[in-house]
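What follows is a single chain, given as structure tokens, in the form predicted alone.
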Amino acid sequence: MTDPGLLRLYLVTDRNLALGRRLEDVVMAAVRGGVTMVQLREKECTSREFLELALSLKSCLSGSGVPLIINDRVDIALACDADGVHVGQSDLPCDVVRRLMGPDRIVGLSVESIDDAVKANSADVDYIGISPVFSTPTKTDTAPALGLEGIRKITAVSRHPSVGIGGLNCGNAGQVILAGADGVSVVSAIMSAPDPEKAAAGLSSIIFEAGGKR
């Protein structure tokens, strides 16, 4: 990934927050509203169901210019020909992920501390996800919240483009950009919105304005 702009508004999926709507419908509404990247993260399904969802989303996003990223599962990413994969600190090592994914696909890595970010500087990844910025109910197995100061410190030492993850919404998205992140990743702010397209458009506008002020 050569364009950090792809990180600007990064949607991470969670069907449990979709208010009973089809995942594909929520995602495509969000894309119409300005989402620039989509990560399929669905922990509560079988491998086959995960693959079926991935294939369906890949088809929906075809031609949109919005990359499909798979959370954790390199095998699923390869099986559906996704644009990339996002891994955490306890997943496969980045060198292994890159070897399996090849040089042209996107590899993202979650970092939870300054030390993680410094170590990531020597990793062959395309971006880092700074996580969690704020505490969030959508992911309970995370490190303590880093806050905006954590964003500032990590982006200051990192050579990679970055996206803030965790507890982000219209009320704080602009602050994350002003603190140095290239993009904002959201889950419930779009997945649980009554109108995902409108929610994405509002977030996109806030992020764009903050980027101009930085």
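Numbering starts at 1 and runs along the sequence shown. Only a predicted model underlies this, so the values are computations on that prediction, with no experimental measurement involved.
We do not show the form predicted in complex with a further copy of the same chain, though everything after this point is about it.
a further copy of the same chain is not shown here, and in the model of the complex it never comes within 4.5 Å of any heavy atom of residue 144. In the model of the complex, a further copy of the same chain sits beyond 4.5 Å of every heavy atom of residue 159.
When a further copy of the same chain is considered in the model of the complex, residue 93 lines it closely, a heavy atom lying within 4.5 Å. At a distance threshold of 4.5 angstroms between non-hydrogen atoms, residue 89 is in contact with a further copy of the same chain in the model of the complex. Per the 4.5 Å heavy atom criterion, a further copy of the same chain in the model of the complex is contacted by stretch 65 to 73, the sole one of 65 to 73, 164 to 172, 151 to 159, 180 to 188.
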